[in-house]
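Shown next as C-alpha cells: one chain only, the form predicted on its own.
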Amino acid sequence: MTQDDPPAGTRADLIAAGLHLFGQQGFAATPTRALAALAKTNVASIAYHFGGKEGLRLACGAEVARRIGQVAGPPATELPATRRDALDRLEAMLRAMVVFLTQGPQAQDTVAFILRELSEGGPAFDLVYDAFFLPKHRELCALAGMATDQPAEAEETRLLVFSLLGQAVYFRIGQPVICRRMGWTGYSAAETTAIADRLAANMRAILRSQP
C-alpha cells in the first residue's frame, strides 16, 4: 500500500474514529476506549496499528492530507502556458474543493479535525501543513501570480489565495446559517453548483481587479 492509497480494515475504522472524536472533543479529551468503541474494535488495536494514541493522531493527519490531495491534486511545480490556462486551473481546483466540502461525506470530520489541530497547535497540523498545505499554497500563489502579473510570493498574492480558499471553507463550517438563510434543507447537487458558480465568479472578479 502506498501513501496515496486509502486506509483499509481496522486501520481505516480507527482513523475514521480519530478524525471524528479528535475533531469534536480534542485529542486530550478523547479516551482510547471511546476511539475503540466507535471503531468497533479493542483498545489494544490502537497500539498494534499506530503504536498508541499519538500515532493515531498523526495517521489522521496523513489521511487528511491524502483526502485533500485527492480533491485538489498533488502540488505541481510546472505552470500552465497562458494566463487563461492559469485561471482555468484555479477555477477547476476551486470547484473541486466546493464539491468536496459540500457533498463529500467525509468533509465534516476532515475540516473539524484540522481546525481542532490548528487551535491546539497539534503535531498533525504540522504534518499536513508541511506535506501538503505549504507546497499546494505555493502552487496556487504561482497560478494567481501568473493570472495577475504579480510576484507569486508577494504578500498580496498570498493573502489573495487565502481569501479564495476561505470563501469555500466557510460554506462548510457555516452550513447551518447558510441553509437557514437560503431556505435550503441541505446542500443538494443544485446548491453545490450554485455555490461553485458564485465562488468562481468571485475569483475571476477579484483577479481582474488586481493592479
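A residue's number is simply how far along the shown sequence it sits, counting from 1. Because the structure is a prediction, the values reported are computed rather than measured. Rigid core here is just the name for the largest C-alpha set that superposes within 1.5 Å across the two forms.
Here the subject shifts to the form predicted in complex with the DNA, a form of this protein not shown in this document.
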{"query": "Contact of Tyr48 with the DNA in the model of the complex (heavy atom, 4.5 Å)", "finding": "yes"}
{"query": "The DNA contact in the model of the complex: Thr41, any heavy atom under 4.5 Å", "finding": "yes"}
{"query": "Gln167, heavy atom within 4.5 angstroms of the DNA in the model of the complex", "finding": "no"}
{"query": "Contact test in the model of the complex: Lys53 vs the DNA, heavy atoms, 4.5 Å", "finding": "yes"}
{"query": "Heavy atom within 4.5 Å of the DNA in the model of the complex - the one residue of Gln175, Gln70, Thr32, Ser163 that qualifies", "finding": "Thr32"}
{"query": "Proximity to the DNA in the model of the complex, single hit among Asn202, Thr10, Thr193, Gln24 (heavy atom within 4.5 Å)", "finding": "Thr10"}
{"query": "Which of 153-161, 33-41, 140-148, 57-65 sits within 4.5 Å of the DNA in the model of the complex, heavy atom basis", "finding": "33-41"}
{"query": "Rigid core fit then Tyr48 CA moved by 2 Å or more between this form and the one not shown", "finding": "yes"}
{"query": "C-alpha of Arg158 moved at least 2 Å between this form and the one not shown on rigid core", "finding": "no"}
{"query": "Val169 C-alpha relocation of at least 2 Å between this form and the one not shown, rigid core basis", "finding": "no"}
